[in-house]
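To begin, one chain is listed below as structure tokens, in the form predicted alone.
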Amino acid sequence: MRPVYAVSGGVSKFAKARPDKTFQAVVKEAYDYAINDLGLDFQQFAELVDGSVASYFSDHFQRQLMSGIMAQDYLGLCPKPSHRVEGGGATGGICFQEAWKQIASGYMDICVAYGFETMSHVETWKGNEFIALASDVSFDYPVGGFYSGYYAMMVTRHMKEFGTTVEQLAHVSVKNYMNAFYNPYAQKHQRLTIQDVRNSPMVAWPLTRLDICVMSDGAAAAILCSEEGLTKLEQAAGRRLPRVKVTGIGKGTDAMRMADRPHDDYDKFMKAYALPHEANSKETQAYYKKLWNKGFRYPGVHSFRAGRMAGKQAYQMAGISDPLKQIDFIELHDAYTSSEIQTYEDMGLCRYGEGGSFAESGKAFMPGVKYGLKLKEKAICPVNPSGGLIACGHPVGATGLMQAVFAIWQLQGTIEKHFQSPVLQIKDARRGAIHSHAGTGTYVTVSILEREK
């Protein structure tokens, strides 16, 4: 496989509604930004790009089948090759990896991955119904309904198993909202306290409105290329472009119905799921044995096996053996504060059962940002320095690509340029991860990006 570089990206303003533009025009907003950031004009890039991958979750929101080809035409990319991907909340992450494949395989030298969703075209309850159709409609949907109910059930089990508290969940919301306060592309700009989160309207106990992401209109685009494509872009731009390399990708899946997921024992976990830094630690082995002796089984409904497998594959490909020490930041799919805590564990930032204490420790916070919280430890690996889905918004097909764009800017060291503020720039960031998650953990992608000198 050939080396793949992520050279540029753009995002539209995420908002509850974008009545000013059609979905095609919202995509073009992100697309044009990515082109302009390369120092190229529209025509120059149109001549160089080999094709695209389009990402959107549901035709229902636009009431238009094959929306992707309409965006392709609007961007002036016809008749160049393209295809649409869909995988629930992980659609954008899948799109990024599909664009990676176009380059790594040699099929293209320059590929643009673009994603969008215009969820404001339907009432909120109807949007929730569309999203809930990404559960088993024969079994789970008739008795469970909307996704907030599923995630409430999962975190309730997490609380039962590990003692996770509602205050720990609220730490995630305070963190992500405060980060987004400095991100002009974010949908929400609020300073919150733990009490604000807990006092907001209850949706599905223990999850309040401020524990949950919101529906959005928005788009994002990322440009990937080979070494040959990089040369073409640099010749056209007349300058050397910052080099951000995609060094690892991973995917995982799990059964649609949570009731169909296994309850594996300790030996199976250590053989199939343990990460290197867990498998090589006698202390961690003893910790997990104690958990299993108390009746713990994996993954149950408290953990995302797909996320663990996606992370494990991406880490192996990128040569990562201890993610907390070797990754500088993560843009993580935080549709719920609870899912961010669960994913800390899946991605190996802490051990299973320690996600709650990790959330309140300070390790996942940004250095230099005043959160109004007493944090016990210094930041080690900021999670969602952009504000995540909870504060930025969740236009589903765009979300995973939004994460990619923010990661590219972090690694290029250009956050101040794009956000008009240096607050969210992680000093000397060398390696970042993006994590995209669908359903109740049915599809998950993890991609590793690294800065090259």
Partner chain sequence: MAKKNNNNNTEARREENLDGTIVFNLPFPKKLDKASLKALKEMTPIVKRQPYHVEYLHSYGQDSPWFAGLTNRVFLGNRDPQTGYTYATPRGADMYTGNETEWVQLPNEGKVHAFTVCHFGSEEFLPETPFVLALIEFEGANTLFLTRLLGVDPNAASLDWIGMKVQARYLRNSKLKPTDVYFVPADAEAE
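Numbering follows the first chain given and starts at 1. Everything quoted here is computed from the prediction, not taken from an experiment.
The discussion below concerns the form predicted together with the partner chain, not included here.
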query	finding
Proximity to the partner chain in the predicted complex (heavy atom, within 4.5 Å), stretch among 127 to 135, 335 to 343, 214 to 222, 379 to 387	127 to 135
The partner chain in the predicted complex: contacted by all of 157, 204 and 262, heavy atom 4.5 Å	yes
Heavy atom within 4.5 Å of the partner chain in the predicted complex - residue from 210, 108, 77, 152	152
Proximity to the partner chain in the predicted complex, single hit among 146, 371, 266, 287 (heavy atom within 4.5 Å)	146
The partner chain contact at residue 142 in the predicted complex, heavy atom, 4.5 Å	yes
Non-hydrogen atom contact residue 417 with the partner chain in the predicted complex at 4.5 angstroms	no
4.5 Å heavy atom contact, residue 63 to the partner chain in the predicted complex	yes
Contact label in the predicted complex: residue 275 to the partner chain, heavy atom within 4.5 Å	no
The partner chain in the predicted complex - contacting residues of 1 to 35, heavy atom within 4.5 Å	19, 20
